[in-house]
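Below you will find one chain, with nothing else, as structure tokens; this is the form predicted on its own, and questions on how it binds or moves follow later.
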Amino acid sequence: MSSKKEVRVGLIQMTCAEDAEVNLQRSIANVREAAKAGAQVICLQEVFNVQYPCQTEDHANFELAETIPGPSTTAMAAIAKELGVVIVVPVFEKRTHGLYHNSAVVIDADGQTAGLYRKMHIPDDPLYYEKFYFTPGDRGFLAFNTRFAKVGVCICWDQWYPEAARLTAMQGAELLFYPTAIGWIPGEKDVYGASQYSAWQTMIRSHSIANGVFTGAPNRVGVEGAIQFWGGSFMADPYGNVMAQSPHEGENQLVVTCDLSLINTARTHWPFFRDRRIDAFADLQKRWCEQ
């Protein structure tokens, strides 16, 4: 049996004010609290320091974006170094004039950048008009070496695509994070609310099972504009078990111990990587298979 390799993981579930600086300082306070509780790898929610900007198509919202490095990542790098923790920092990235991404910077425990991921799948749904703002990522699916674990990041809408999780796991990710901004839109919660949350959680748990990794999904909470963000941040183990879950209302710092040796145990007992028919998957590069 593999010897234990334990890592304490923190997920920050937060409400967001209109002032980005207020959100940054409150996020730093939450990171400090999670680190105080023992967290070594901490993930913030999608576009963590601003209210979710994509409920309308408004050119003024591009002013919310920042460069990488920029004020938020620089501040978080200093905190990561001070506390000796890894922080996943999702931001609204301005790459250059007219080119923006929904991105996440992985900052190592020495304050250095371990890697950058840009969201690959961009939705366009009522109140989630992300195609207006974000260019699809061009860096592929990645995992980054950090002091405590190899960290992979996908972002929100990526969660519905099993190929994204698989390719990130194939890069060696041990911890796979899905920083998220997802909630109920008006008129849907009473009828569809429970099933929508269940589908979201089930999908992410399935990535744990299929790939033998730990997955964590920090989601924002509270009402912004017309969306009631449903919180419910959670961590799942390589068997898909929900290790811990935040409430649907109220801010929360979820800190969970992950034994990374379970990855080897899960993959040797459920050898999905061994049995993949990679010779038969060429059609995955097609949009649709015509009959």
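In this text, residue numbers run from 1 along the sequence as written. Just so it is clear, the model here is predicted, and its values are computed rather than measured.
The next section is about a form of this same protein that is not shown, the form predicted in complex with another copy of the chain.
The listed set 170, 78, 127, 99 contains one residue whose heavy atoms approach another copy of the chain in the predicted complex to within 4.5 Å, identified as 170. In summary, the region of this chain contacting another copy of the chain in the predicted complex, judged by heavy atoms within 4.5 Å and restricted to 90-98, 133-141, 215-223, 108-116, corresponds to 133-141. Among residues of the shown chain, residue 162 is one whose heavy atoms approach another copy of the chain to within 4.5 Å in the predicted complex. Contact annotation: residue 210 falls within 4.5 Å of another copy of the chain in the predicted complex, judged by heavy atom distances. Residue contact with another copy of the chain in the predicted complex: residue 123 places a heavy atom within 4.5 Å of it.
Contact annotation for residue 203: at least one heavy atom lies within 4.5 Å of another copy of the chain in the predicted complex.
If you take 257-277 and check each residue for a heavy atom within 4.5 Å of another copy of the chain in the predicted complex, you get 267, 269, 270, 271, 272, 273, 274, 275, 276, 277, in sequence order.
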